[in-house]
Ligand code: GUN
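The chain that follows stands alone, in the form predicted alone, written as structure tokens.
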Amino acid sequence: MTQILSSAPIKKKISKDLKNECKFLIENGIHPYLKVILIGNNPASLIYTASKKKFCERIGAKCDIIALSEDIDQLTFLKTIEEINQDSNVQGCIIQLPLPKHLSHLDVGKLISQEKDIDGFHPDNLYAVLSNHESTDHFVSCTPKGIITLLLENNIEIANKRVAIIGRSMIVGKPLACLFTNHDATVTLCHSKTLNIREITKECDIIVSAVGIANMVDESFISSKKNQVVIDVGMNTDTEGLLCGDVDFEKVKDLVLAITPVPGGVGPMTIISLAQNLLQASKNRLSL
């Protein structure tokens, strides 16, 4: 029977630990505090930021959503970020993507100071992953970190496995490829120019799709051996307006060893990782 890799039991388990860590930090004079910069009224962004705020407050941390106008000018936007960088009461800051077109040229990874970049986009944080030099002073990108946590918590082996990642973004695909490699997997990073993707995925033990195309991965991507693990990072809507992933769940679920659902799979793991990074950033303050 196929194992459905739900994040719910992991979230319950980790939340308890995070609450205890947050309580310890507060007792020692550091109240974990996250500021989320949200520009405009993108429906998906509104949902994501609300979920992040809800989870942070559930574990005892503070979280404010800094809502900015869609037409905010660049100077004001950058000033807002710099004020947060300089605020000693704030341990973490993230910028909710995507940015509006007139700001999309900005390199978000360089805007937030490294020690508050709990999204893991700062060059120093990315290099720590690239060089396999992860430490408490650096932060791993939240979705890749959440995927690795999901696999490990379900006792799914990574070392010596072959992994196909579909999607080469700086948010998921590239840092995830590094993380898998750091865990001794052999990775093929696929993208729109990759030839014969189906032949590649059929030969892999773990398939991760992070392309944002509804139901793209169907049975034609899957081996006949029923021994693969499929991780669906996509959050899309289908032709009927219903939430779905990159993977056609109904066509694939009975053909694999394990698979993540959408919703309830990777999404909550991303938020858990964000909270873990926030508390780590807060712990780092205790040593200053």
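The first residue of the shown sequence is 1; numbering continues from there. Every value quoted in this text rests on a predicted model; they were computed, and no experiment measured them.
The same protein also has a form predicted together with the named molecule, omitted here; what follows describes it.
The partner is absent here; in the model of the complex, the one residue of I197, L179, I171, A214 having a heavy atom within 4.5 Å of the named molecule is I171.
Taking L130, I72, L97, L152 one by one, only a single residue has any non-hydrogen atom within 4.5 Å of the named molecule in the model of the complex, and it is L97.
Highlighted residues F24, F55 and Q276: none comes within 4.5 Å of the named molecule in the model of the complex, counting any heavy atom. With a 4.5 Å cutoff on heavy atoms, T143 counts as touching the named molecule in the model of the complex.
Although the partner is absent here, F249 is not a contact residue: none of its heavy atoms lies within 4.5 angstroms of the named molecule in the model of the complex. Proximity of Y48 to the named molecule in the model of the complex falls within the 4.5 Å heavy atom cutoff. Note on the interface: of 181 to 189, 79 to 87, 198 to 206, 118 to 126, the segment with non-hydrogen atoms within 4.5 angstroms of the named molecule in the model of the complex is 118 to 126. Residues of 240 to 266 that come within 4.5 Å of the named molecule in the model of the complex, judged by any heavy atom, do not exist; none qualify.
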